[in-house]
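Okay, so here's just one chain, in C-alpha coordinates, the form predicted alone.
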(Lines give C-alpha, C1' and ligand atoms only; values in the text may rest on other atoms or scores of the structure.)
Protein backbone atom coordinates (compact mmCIF):
# COMPACT_ATOMS: atom_id res chain seq x y z
CA UNK A 1 0.00 0.00 0.00
CA UNK A 2 2.81 2.37 0.83
CA UNK A 3 4.48 1.54 -2.50
CA UNK A 4 1.28 2.23 -4.44
CA UNK A 5 0.81 5.55 -2.68
CA UNK A 6 4.36 6.54 -3.47
CA UNK A 7 3.90 5.68 -7.15
CA UNK A 8 0.70 7.74 -7.30
CA UNK A 9 2.44 10.70 -5.73
CA UNK A 10 5.34 10.46 -8.21
CA UNK A 11 2.83 10.36 -11.11
CA UNK A 12 1.13 13.47 -9.83
CA UNK A 13 4.40 15.38 -9.50
CA UNK A 14 5.39 14.38 -13.04
CA UNK A 15 2.06 15.54 -14.52
CA UNK A 16 2.29 18.88 -12.78
CA UNK A 17 5.79 19.39 -14.10
CA UNK A 18 4.64 18.68 -17.65
CA UNK A 19 1.81 21.19 -17.37
CA UNK A 20 4.16 23.84 -16.06
CA UNK A 21 6.60 23.31 -18.92
CA UNK A 22 4.02 23.08 -21.69
CA UNK A 23 2.11 26.29 -20.91
CA UNK A 24 -1.05 24.89 -22.54
CA UNK A 25 -3.85 22.38 -22.24
CA UNK A 26 -3.01 18.73 -21.65
CA UNK A 27 -4.78 15.48 -22.11
CA UNK A 28 -5.10 13.68 -18.79
CA UNK A 29 -5.01 9.89 -18.41
CA UNK A 30 -7.87 8.26 -16.46
CA UNK A 31 -5.55 7.80 -13.51
CA UNK A 32 -4.53 11.42 -13.56
CA UNK A 33 -8.24 12.40 -13.75
CA UNK A 34 -9.02 10.40 -10.64
CA UNK A 35 -6.13 11.93 -8.72
CA UNK A 36 -7.14 15.42 -9.86
CA UNK A 37 -10.73 14.79 -8.83
CA UNK A 38 -9.72 13.74 -5.35
CA UNK A 39 -7.38 16.65 -4.98
CA UNK A 40 -9.93 19.24 -6.11
CA UNK A 41 -12.99 18.02 -4.20
CA UNK A 42 -12.34 20.26 -1.24
CA UNK A 43 -11.21 23.15 -3.46
CA UNK A 44 -14.53 23.26 -5.38
CA UNK A 45 -16.64 24.08 -2.35
CA UNK A 46 -15.05 27.50 -1.85
CA UNK A 47 -15.42 28.11 -5.59
CA UNK A 48 -19.15 27.35 -5.39
CA UNK A 49 -19.48 29.59 -2.36
CA UNK A 50 -17.68 32.33 -4.26
CA UNK A 51 -20.05 31.90 -7.22
CA UNK A 52 -23.01 32.09 -4.87
CA UNK A 53 -21.54 35.23 -3.35
CA UNK A 54 -21.13 36.76 -6.78
CA UNK A 55 -24.78 35.96 -7.58
CA UNK A 56 -26.07 37.71 -4.44
CA UNK A 57 -26.31 41.12 -6.13
CA UNK A 58 -28.82 39.58 -8.55
CA UNK A 59 -31.05 38.87 -5.54
CA UNK A 60 -30.49 42.43 -4.30
CA UNK A 61 -31.83 43.73 -7.62
CA UNK A 62 -35.32 42.41 -6.76
CA UNK A 63 -36.10 45.30 -4.38
CA UNK A 64 -35.43 47.72 -7.26
CA UNK A 65 -38.04 45.91 -9.32
CA UNK A 66 -40.39 45.88 -6.35
CA UNK A 67 -39.78 49.59 -5.92
CA UNK A 68 -40.87 50.18 -9.49
CA UNK A 69 -44.03 48.16 -8.84
CA UNK A 70 -44.39 49.79 -5.45
CA UNK A 71 -44.94 53.16 -7.11
CA UNK A 72 -48.37 51.78 -7.96
CA UNK A 73 -49.05 50.37 -4.52
CA UNK A 74 -51.50 51.95 -2.08
CA UNK A 75 -49.62 53.70 0.69
CA UNK A 76 -52.51 55.98 1.70
CA UNK A 77 -53.33 55.85 5.41
CA UNK A 78 -57.06 55.63 4.68
CA UNK A 79 -56.87 53.17 1.81
CA UNK A 80 -57.31 53.54 -1.92
CA UNK A 81 -59.74 53.11 -4.76
CA UNK A 82 -58.27 51.00 -7.57
CA UNK A 83 -59.75 51.63 -11.01
CA UNK A 84 -58.88 48.89 -13.49
CA UNK A 85 -58.14 49.64 -17.16
CA UNK A 86 -61.35 50.63 -18.91
CA UNK A 87 -63.39 50.78 -15.70
CA UNK A 88 -65.24 53.97 -14.71
CA UNK A 89 -64.37 56.47 -12.02
CA UNK A 90 -67.48 56.33 -9.83
CA UNK A 91 -68.85 59.30 -7.94
CA UNK A 92 -72.06 59.16 -5.90
CA UNK A 93 -74.78 61.70 -5.31
CA UNK A 94 -77.11 61.86 -2.33
CA UNK A 95 -79.85 64.38 -3.08
CA UNK A 96 -83.58 64.68 -2.53
CA UNK A 97 -84.92 63.25 -5.79
CA UNK A 98 -88.39 62.25 -4.63
CA UNK A 99 -91.18 63.71 -2.51
CA UNK A 100 -92.35 67.30 -2.00
CA UNK A 101 -88.85 68.80 -2.18
CA UNK A 102 -87.82 66.98 -5.34
CA UNK A 103 -87.10 70.23 -7.24
CA UNK A 104 -84.34 71.11 -4.79
CA UNK A 105 -82.51 67.82 -5.35
CA UNK A 106 -83.13 67.28 -9.06
CA UNK A 107 -81.87 70.78 -9.76
CA UNK A 108 -78.55 69.91 -8.11
CA UNK A 109 -78.52 66.48 -9.78
CA UNK A 110 -78.72 68.22 -13.13
CA UNK A 111 -75.76 70.40 -12.22
CA UNK A 112 -73.74 67.21 -11.62
CA UNK A 113 -74.91 65.71 -14.90
CA UNK A 114 -73.92 68.85 -16.81
CA UNK A 115 -70.45 68.70 -15.25
CA UNK A 116 -70.07 65.05 -16.28
CA UNK A 117 -71.37 65.73 -19.80
CA UNK A 118 -68.68 68.40 -20.19
CA UNK A 119 -66.03 66.14 -18.67
CA UNK A 120 -67.02 62.58 -19.61
CA UNK A 121 -63.51 61.17 -19.06
CA UNK A 122 -60.84 61.74 -16.43
CA UNK A 123 -57.37 60.24 -16.94
CA UNK A 124 -58.74 58.08 -19.72
CA UNK A 125 -61.58 56.62 -17.65
CA UNK A 126 -65.30 57.36 -18.07
CA UNK A 127 -67.03 59.09 -15.16
CA UNK A 128 -70.06 57.25 -13.77
CA UNK A 129 -72.70 58.53 -11.32
CA UNK A 130 -74.33 56.42 -8.60
CA UNK A 131 -77.44 58.39 -7.61
CA UNK A 132 -79.09 57.93 -4.20
CA UNK A 133 -82.04 59.73 -2.58
CA UNK A 134 -81.37 61.60 0.68
CA UNK A 135 -85.12 62.01 1.32
CA UNK A 136 -84.44 65.45 2.83
CA UNK A 137 -84.45 63.68 6.21
CA UNK A 138 -82.14 62.09 8.74
CA UNK A 139 -83.51 58.64 7.88
CA UNK A 140 -82.93 59.26 4.17
CA UNK A 141 -79.39 60.45 4.78
CA UNK A 142 -78.66 57.37 6.85
CA UNK A 143 -79.98 55.03 4.16
CA UNK A 144 -78.20 56.80 1.30
CA UNK A 145 -74.91 56.87 3.19
CA UNK A 146 -75.09 53.18 4.00
CA UNK A 147 -75.64 52.30 0.32
CA UNK A 148 -72.83 54.52 -0.88
CA UNK A 149 -70.09 53.31 1.46
CA UNK A 150 -71.04 49.72 0.60
CA UNK A 151 -69.50 50.41 -2.82
CA UNK A 152 -65.70 50.60 -2.43
CA UNK A 153 -65.36 52.05 -5.95
CA UNK A 154 -67.00 55.37 -5.02
CA UNK A 155 -64.30 58.05 -4.90
CA UNK A 156 -66.48 60.78 -3.40
CA UNK A 157 -70.01 62.03 -2.78
CA UNK A 158 -71.88 65.10 -4.01
CA UNK A 159 -74.55 65.65 -1.38
CA UNK A 160 -76.67 66.08 0.49
CA UNK A 161 -79.48 68.44 -0.49
CA UNK A 162 -80.79 68.94 3.03
CA UNK A 163 -78.74 69.57 6.15
CA UNK A 164 -80.94 67.18 8.12
CA UNK A 165 -79.79 64.38 5.83
CA UNK A 166 -76.25 65.73 5.83
CA UNK A 167 -75.67 65.24 9.55
CA UNK A 168 -75.97 61.40 9.58
CA UNK A 169 -74.50 60.91 6.12
CA UNK A 170 -71.42 62.99 6.93
CA UNK A 171 -70.76 60.80 9.96
CA UNK A 172 -71.13 57.60 7.91
CA UNK A 173 -68.87 58.72 5.07
CA UNK A 174 -66.27 60.15 7.46
CA UNK A 175 -65.99 56.91 9.42
CA UNK A 176 -65.63 54.98 6.15
CA UNK A 177 -62.84 57.25 4.88
CA UNK A 178 -64.87 58.88 2.09
CA UNK A 179 -65.40 62.56 1.34
CA UNK A 180 -68.50 64.57 0.44
CA UNK A 181 -69.07 68.01 -1.01
CA UNK A 182 -72.55 69.42 -0.52
CA UNK A 183 -74.05 71.83 -3.03
CA UNK A 184 -76.87 72.98 -0.71
CA UNK A 185 -76.27 72.10 2.96
CA UNK A 186 -76.20 75.48 4.67
CA UNK A 187 -76.64 74.67 8.37
CA UNK A 188 -73.88 76.29 10.45
CA UNK A 189 -73.65 73.07 12.49
CA UNK A 190 -72.15 71.07 9.62
CA UNK A 191 -68.91 73.08 9.53
CA UNK A 192 -68.74 73.70 13.28
CA UNK A 193 -66.30 71.30 15.02
CA UNK A 194 -68.23 71.80 18.24
CA UNK A 195 -71.42 70.53 16.58
CA UNK A 196 -71.79 68.26 13.54
CA UNK A 197 -68.59 68.73 11.50
CA UNK A 198 -66.81 65.54 10.45
CA UNK A 199 -63.46 65.10 8.65
CA UNK A 200 -64.00 64.78 4.91
CA UNK A 201 -67.01 67.14 4.83
CA UNK A 202 -67.01 70.15 2.47
CA UNK A 203 -69.63 72.35 0.83
CA UNK A 204 -69.87 74.80 -2.04
CA UNK A 205 -73.08 76.22 -0.54
CA UNK A 206 -72.92 79.19 1.80
CA UNK A 207 -73.03 79.03 5.59
CA UNK A 208 -76.38 80.22 6.95
CA UNK A 209 -74.65 82.47 9.44
CA UNK A 210 -74.10 84.61 6.35
CA UNK A 211 -77.59 84.13 4.90
CA UNK A 212 -79.29 84.83 8.23
CA UNK A 213 -77.31 88.04 8.66
CA UNK A 214 -78.11 89.09 5.09
CA UNK A 215 -81.85 88.58 5.56
CA UNK A 216 -81.74 90.47 8.85
CA UNK A 217 -79.91 93.36 7.18
CA UNK A 218 -82.46 93.44 4.38
CA UNK A 219 -85.44 93.48 6.76
CA UNK A 220 -83.98 96.00 9.19
CA UNK A 221 -82.07 98.35 6.91
CA UNK A 222 -83.71 98.02 3.49
CA UNK A 223 -87.34 97.58 4.57
CA UNK A 224 -86.99 99.61 7.78
CA UNK A 225 -88.80 97.03 9.93
CA UNK A 226 -88.01 96.77 13.66
CA UNK A 227 -90.06 93.83 15.02
CA UNK A 228 -89.50 90.29 13.74
CA UNK A 229 -90.46 86.71 14.54
CA UNK A 230 -89.12 83.41 13.19
CA UNK A 231 -90.38 79.82 12.81
CA UNK A 232 -88.39 76.61 12.26
CA UNK A 233 -89.23 72.89 12.24
CA UNK A 234 -86.34 71.54 14.30
CA UNK A 235 -84.28 70.50 11.27
CA UNK A 236 -80.60 71.58 11.43
CA UNK A 237 -81.08 73.78 8.36
CA UNK A 238 -84.31 75.48 9.38
CA UNK A 239 -83.35 76.00 13.01
CA UNK A 240 -79.85 77.16 12.11
CA UNK A 241 -81.03 79.72 9.57
CA UNK A 242 -83.91 80.95 11.72
CA UNK A 243 -81.52 81.40 14.65
CA UNK A 244 -78.91 83.18 12.52
CA UNK A 245 -81.56 85.60 11.26
CA UNK A 246 -83.13 86.20 14.66
CA UNK A 247 -79.82 86.83 16.43
CA UNK A 248 -78.55 89.12 13.67
CA UNK A 249 -81.80 91.10 13.60
CA UNK A 250 -81.56 91.77 17.34
CA UNK A 251 -77.86 92.64 17.01
CA UNK A 252 -78.76 95.28 14.42
CA UNK A 253 -81.12 96.93 16.92
CA UNK A 254 -84.37 95.20 16.03
CA UNK A 255 -86.76 93.55 18.45
CA UNK A 256 -87.30 89.80 18.39
CA UNK A 257 -90.92 89.08 19.32
CA UNK A 258 -91.12 85.31 18.76
CA UNK A 259 -88.96 82.31 17.97
CA UNK A 260 -91.12 79.22 17.53
CA UNK A 261 -90.99 75.64 16.26
CA UNK A 262 -93.59 73.68 14.30
CA UNK A 263 -93.55 70.08 13.10
CA UNK A 264 -92.51 69.64 9.47
CA UNK A 265 -95.61 67.51 8.84
CA UNK A 266 -98.05 69.78 10.69
CA UNK A 267 -101.53 70.07 9.23
CA UNK A 268 -102.87 72.92 11.37
CA UNK A 269 -100.65 75.96 12.04
CA UNK A 270 -103.40 78.42 12.96
CA UNK A 271 -102.80 78.21 16.74
CA UNK A 272 -99.09 78.90 16.27
CA UNK A 273 -99.67 81.85 13.95
CA UNK A 274 -102.39 83.28 16.18
CA UNK A 275 -99.94 83.24 19.10
CA UNK A 276 -97.27 84.97 17.04
CA UNK A 277 -99.76 87.57 15.75
CA UNK A 278 -100.40 88.69 19.31
CA UNK A 279 -96.82 90.02 19.45
CA UNK A 280 -97.49 92.15 16.34
CA UNK A 281 -94.42 91.25 14.24
CA UNK A 282 -93.71 93.38 11.20
CA UNK A 283 -91.62 90.64 9.61
CA UNK A 284 -92.15 86.87 9.86
CA UNK A 285 -89.33 84.63 8.62
CA UNK A 286 -89.90 80.87 8.22
CA UNK A 287 -87.02 79.17 6.34
CA UNK A 288 -88.73 75.74 6.18
CA UNK A 289 -89.41 73.19 3.45
CA UNK A 290 -92.53 72.00 1.69
CA UNK A 291 -95.27 71.24 2.66
CA UNK A 292 -94.92 73.35 5.83
CA UNK A 293 -93.91 76.56 4.03
CA UNK A 294 -97.03 76.68 1.79
CA UNK A 295 -99.23 75.83 4.80
CA UNK A 296 -97.79 78.71 6.81
CA UNK A 297 -98.09 81.09 3.86
CA UNK A 298 -101.70 80.23 3.07
CA UNK A 299 -102.80 80.25 6.71
CA UNK A 300 -101.03 83.51 7.61
CA UNK A 301 -103.27 85.37 5.19
CA UNK A 302 -106.30 84.33 7.23
CA UNK A 303 -105.00 85.13 10.74
CA UNK A 304 -106.08 88.36 12.37
CA UNK A 305 -103.08 90.51 13.25
CA UNK A 306 -100.89 89.30 10.41
CA UNK A 307 -102.63 91.22 7.63
CA UNK A 308 -99.76 93.70 7.31
CA UNK A 309 -96.92 91.43 8.37
CA UNK A 310 -94.27 90.91 5.71
CA UNK A 311 -93.80 87.17 5.08
CA UNK A 312 -90.43 85.67 4.17
CA UNK A 313 -88.96 82.24 3.46
CA UNK A 314 -85.68 80.93 2.03
CA UNK A 315 -83.99 78.76 -0.58
CA UNK A 316 -85.60 75.53 0.61
CA UNK A 317 -88.75 76.52 -1.29
CA UNK A 318 -87.25 78.59 -4.08
CA UNK A 319 -89.14 76.61 -6.73
CA UNK A 320 -92.11 76.77 -9.12
CA UNK A 321 -94.04 74.24 -7.04
CA UNK A 322 -94.04 76.62 -4.08
CA UNK A 323 -95.68 79.30 -6.22
CA UNK A 324 -98.23 76.76 -7.44
CA UNK A 325 -99.01 75.73 -3.85
CA UNK A 326 -99.54 79.35 -2.74
CA UNK A 327 -101.68 80.92 -5.48
CA UNK A 328 -101.91 84.61 -4.64
CA UNK A 329 -100.95 84.18 -0.98
CA UNK A 330 -97.20 84.28 -1.67
CA UNK A 331 -97.48 87.44 -3.75
CA UNK A 332 -95.27 90.14 -2.23
CA UNK A 333 -93.30 87.84 0.10
CA UNK A 334 -89.49 87.65 0.13
CA UNK A 335 -87.13 84.69 -0.20
CA UNK A 336 -83.40 84.62 0.50
CA UNK A 337 -80.87 82.37 -1.20
CA UNK A 338 -77.65 82.32 -3.18
CA UNK A 339 -77.09 85.18 -5.59
CA UNK A 340 -77.18 83.80 -9.14
CA UNK A 341 -76.16 87.05 -10.83
CA UNK A 342 -72.67 85.66 -11.37
CA UNK A 343 -69.89 87.82 -12.76
CA UNK A 344 -68.83 85.21 -15.32
CA UNK A 345 -70.53 84.93 -18.70
CA UNK A 346 -70.27 81.14 -18.67
CA UNK A 347 -73.36 80.75 -16.50
CA UNK A 348 -75.75 82.71 -18.71
CA UNK A 349 -74.19 81.96 -22.09
CA UNK A 350 -73.31 78.27 -21.71
CA UNK A 351 -74.53 76.66 -18.50
CA UNK A 352 -78.20 77.73 -18.56
CA UNK A 353 -78.63 76.99 -22.31
CA UNK A 354 -77.13 73.54 -21.71
CA UNK A 355 -79.51 73.00 -18.78
CA UNK A 356 -82.45 73.91 -20.98
CA UNK A 357 -81.26 71.70 -23.83
CA UNK A 358 -80.61 68.68 -21.63
CA UNK A 359 -83.65 68.90 -19.35
CA UNK A 360 -86.21 70.97 -21.25
CA UNK A 361 -86.76 73.65 -18.60
CA UNK A 362 -85.23 76.54 -16.72
CA UNK A 363 -83.44 75.64 -13.48
CA UNK A 364 -85.94 74.60 -10.80
CA UNK A 365 -84.00 75.79 -7.75
CA UNK A 366 -80.87 77.75 -6.90
CA UNK A 367 -78.13 75.17 -6.27
CA UNK A 368 -77.46 73.68 -9.72
CA UNK A 369 -74.34 75.82 -10.22
CA UNK A 370 -73.04 74.89 -6.76
CA UNK A 371 -73.40 71.21 -7.68
CA UNK A 372 -71.53 71.83 -10.93
CA UNK A 373 -68.65 73.42 -9.01
CA UNK A 374 -68.65 70.64 -6.39
CA UNK A 375 -68.36 67.97 -9.09
CA UNK A 376 -65.46 69.68 -10.81
CA UNK A 377 -63.60 70.21 -7.53
CA UNK A 378 -63.92 66.48 -6.83
CA UNK A 379 -62.76 65.46 -10.31
CA UNK A 380 -59.85 67.91 -10.11
CA UNK A 381 -58.79 66.23 -6.87
CA UNK A 382 -58.92 62.81 -8.55
CA UNK A 383 -56.70 64.06 -11.37
CA UNK A 384 -54.19 65.56 -8.98
CA UNK A 385 -53.67 62.56 -6.67
CA UNK A 386 -54.24 59.46 -8.81
CA UNK A 387 -51.30 57.18 -9.58
CA UNK A 388 -51.57 55.95 -13.16
CA UNK A 389 -50.00 52.76 -14.44
CA UNK A 390 -48.81 52.10 -17.98
CA UNK A 391 -51.90 50.00 -18.61
CA UNK A 392 -54.21 52.77 -17.40
CA UNK A 393 -54.85 51.43 -13.90
CA UNK A 394 -55.52 54.18 -11.35
CA UNK A 395 -54.82 54.06 -7.62
CA UNK A 396 -56.53 56.90 -5.78
CA UNK A 397 -55.76 57.51 -2.11
CA UNK A 398 -58.72 58.48 0.05
CA UNK A 399 -56.77 60.70 2.47
CA UNK A 400 -54.96 62.24 -0.48
CA UNK A 401 -58.34 63.08 -2.04
CA UNK A 402 -59.51 64.77 1.15
CA UNK A 403 -56.29 66.73 1.36
CA UNK A 404 -56.57 67.84 -2.27
CA UNK A 405 -60.12 69.14 -1.80
CA UNK A 406 -59.17 70.83 1.47
CA UNK A 407 -56.35 72.61 -0.37
CA UNK A 408 -58.80 74.23 -2.81
CA UNK A 409 -57.86 77.90 -2.97
CA UNK A 410 -58.78 80.57 -5.47
CA UNK A 411 -60.74 78.10 -7.60
CA UNK A 412 -62.61 80.04 -10.28
CA UNK A 413 -65.97 78.31 -10.41
CA UNK A 414 -69.36 79.27 -11.76
CA UNK A 415 -70.44 80.48 -8.32
CA UNK A 416 -67.38 82.67 -7.77
CA UNK A 417 -63.89 82.23 -6.37
CA UNK A 418 -63.89 79.29 -3.97
CA UNK A 419 -61.42 78.67 -1.14
CA UNK A 420 -62.00 75.97 1.47
CA UNK A 421 -61.69 76.76 5.16
CA UNK A 422 -60.25 74.36 7.73
CA UNK A 423 -63.70 72.91 8.40
CA UNK A 424 -65.03 72.69 4.85
CA UNK A 425 -66.71 76.02 4.06
CA UNK A 426 -65.64 76.61 0.46
CA UNK A 427 -68.33 78.95 -0.91
CA UNK A 428 -67.97 82.43 -2.29
CA UNK A 429 -71.00 83.34 -0.19
CA UNK A 430 -73.17 85.86 -2.01
CA UNK A 431 -76.76 86.13 -0.81
CA UNK A 432 -79.67 87.65 -2.69
CA UNK A 433 -83.23 88.43 -1.67
CA UNK A 434 -85.99 88.02 -4.25
CA UNK A 435 -89.63 89.08 -4.15
CA UNK A 436 -92.60 87.18 -5.53
CA UNK A 437 -94.14 89.40 -8.17
CA UNK A 438 -96.82 88.11 -10.53
CA UNK A 439 -95.85 84.56 -9.67
CA UNK A 440 -92.14 85.08 -10.42
CA UNK A 441 -89.07 85.40 -8.19
CA UNK A 442 -87.69 88.86 -8.90
CA UNK A 443 -84.26 89.77 -7.43
CA UNK A 444 -84.41 92.80 -5.12
CA UNK A 445 -81.16 93.04 -3.19
CA UNK A 446 -77.78 91.34 -2.63
CA UNK A 447 -75.21 91.46 0.15
CA UNK A 448 -72.59 91.75 -2.59
CA UNK A 449 -73.86 95.20 -3.54
Partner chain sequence: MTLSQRLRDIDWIDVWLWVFRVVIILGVVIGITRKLFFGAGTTYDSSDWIDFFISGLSQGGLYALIALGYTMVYGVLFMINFAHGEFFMSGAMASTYLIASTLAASGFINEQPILYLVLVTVAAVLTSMGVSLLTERIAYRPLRRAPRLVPLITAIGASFFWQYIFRGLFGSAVKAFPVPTILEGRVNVFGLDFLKVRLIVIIVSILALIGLYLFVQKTKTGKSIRAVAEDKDVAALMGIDVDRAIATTFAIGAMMAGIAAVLWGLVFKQVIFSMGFVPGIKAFTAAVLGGIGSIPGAALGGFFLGVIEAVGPPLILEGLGAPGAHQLKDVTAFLLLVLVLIFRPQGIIGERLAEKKA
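Residue numbers count along the first chain shown, from 1. Please read all numbers here as calculations on a predicted model, not as lab measurements.
We do not show the form predicted in complex with its partner chain, though everything after this point is about it.
**Q** Name the stretch: of 276-284, 73-81, 214-222, 87-95, exactly one has residues whose heavy atoms fall within 4.5 Å of its partner chain in the model of the complex.
**A** Selected range: 276-284.
**Q** Please identify the residue among 194, 357, 265, 362 with any heavy atom within 4.5 Å of its partner chain in the model of the complex.
**A** Filtering the options by heavy-atom distance leaves 265.
**Q** Quick one: of 124, 152, 234, 120, which gets a non-hydrogen atom within 4.5 angstroms of its partner chain in the model of the complex?
**A** Among 124, 152, 234, 120, a heavy atom within 4.5 Å of its partner chain in the model of the complex occurs only for 234.
**Q** Could you tell me if residue 304 has a non-hydrogen atom within 4.5 Å of its partner chain in the model of the complex?
**A** Taking the distances in the model of the complex, the answer for residue 304 is yes, it comes within 4.5 Å of its partner chain.
**Q** I'd like to check something about residue 325: if you look in the model of the complex, is any of its heavy atoms closer than or equal to 4.5 Å to a heavy atom of its partner chain?
**A** Yes, residue 325 lies within 4.5 Å of its partner chain in the model of the complex.
**Q** Taking any heavy atom pair closer than or equal to 4.5 Å as contact, tell me whether residue 353 reaches its partner chain in the model of the complex.
**A** Answer no; every heavy atom of residue 353 is more than 4.5 Å from its partner chain in the model of the complex.
**Q** Classify residue 143 as contacting or not contacting its partner chain in the model of the complex by the rule of any non-hydrogen atom within 4.5 angstroms, answering yes or no.
**A** Residue 143: no, not in contact with its partner chain in the model of the complex.
**Q** With the partner left out here, which residues of 285-302 have a non-hydrogen atom within 4.5 Å of its partner chain in the model of the complex?
**A** Sequence-ordered list: 290, 291, 294, 295, 298, 302.
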